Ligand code: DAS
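Consider the single chain below, provided in structure tokens and representing the form predicted alone.
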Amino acid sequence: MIVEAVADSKKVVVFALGGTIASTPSSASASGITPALGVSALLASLPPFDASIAVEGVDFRKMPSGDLTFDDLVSLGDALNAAFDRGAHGAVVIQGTDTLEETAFALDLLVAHRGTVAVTGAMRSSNEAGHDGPSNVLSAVRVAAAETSWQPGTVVVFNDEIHAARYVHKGHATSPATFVSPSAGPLGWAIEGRVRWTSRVSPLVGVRVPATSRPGPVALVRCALGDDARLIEQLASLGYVGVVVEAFGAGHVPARIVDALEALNHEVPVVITTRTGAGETLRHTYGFPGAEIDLQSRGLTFAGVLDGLKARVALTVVLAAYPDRARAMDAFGAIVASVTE
């Protein structure tokens, strides 16, 4: 079913964080571009909005997205919740694309589902031909101003497509069509000033990180042919509070590392996901050592449809929110379940 969204007198708050979309040459003699443009300059590049949309800009950060931290995202989540408390209908987050899929999923967990948060950016800077930033921001504002009863929560708006934060993936290093959702496809698109929804997802289980809590480091490890356990054996001593393992296929690891993973799981939570980038981990198909039945019997947690990046975001957030490990992992399981509903 396709639903056309009609906006009437909607306030949209736009948070600018930097990234390629805000980057310009730093000087006539310097090489390369750096984030320099603020939210006013980004919004000034757009045509006038319809009178039914009121836009407010906030300069939140000005940096490459690879420099963002979980502390930044928790603060951003708090600022977005405050904007909704003040009556915002929707919000837009503009940042670099390098970590955009992680930011979007974190915000889907951290922001109460009272309106749409549209995350966007650009693959080409303002000094390049074919700069895609203005088009992406314009579409994002329109999505954020659209009827939120159809799709509350966080989405990624890019190249006129709308993607659910839980499924979206940056699939190309340089293409303006970089964002895709391999497991589900887009939720809709923006065209001719209109927003079209073709599908929807259920709201995720929300997580509130207390102001007194700082997210700890969670390691992300990918399995590869011929791997042994040397790296895994060192992780607990390096200060990580959790570990996500991108396993082969539907959740399999070499038999020679299983004992090390089980021992590590006694120290910190270990989550298994798939390195494939699409699909979900199995639960009861394969029974050989290192397969999903064996690993679950040893107490390891499986991430279902969450890929490695998103499983790491979810694990980081729940461990920061709940000092008790059992409660944190119950919350992680609830997130996985809400993603697959």
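Each residue number is its position in the shown sequence, starting from 1. Bear in mind the structure is a predicted one, so any value in this text is a computation, not a measurement.
Another form exists, predicted together with this ligand; not displayed. Remarks below refer to it.
When contacts are judged by a 4.5 Å heavy atom cut-off, Val271 does not count as touching this ligand in the predicted complex. Though the partner is left out of this view, Asn159 does not reach within 4.5 Å of this ligand in the predicted complex, counting heavy atoms only.
This ligand in the predicted complex is not approached by Glu102, whose heavy atoms all lie more than 4.5 angstroms from it.
Shown alone here, His252 lies farther than 4.5 Å from this ligand in the predicted complex, counting heavy atoms only. Checking Thr97, Thr148, Ser126, Ser135 for any heavy atom within 4.5 Å of this ligand in the predicted complex turns up a single hit: Thr97. Stretch 115-123 is the answer when you ask which of 140-148, 198-206, 115-123, 224-232 has residues with heavy atoms within 4.5 Å of this ligand in the predicted complex. Contact annotation for 162-193: a single residue, Lys170, has a non-hydrogen atom within 4.5 angstroms of this ligand in the predicted complex.
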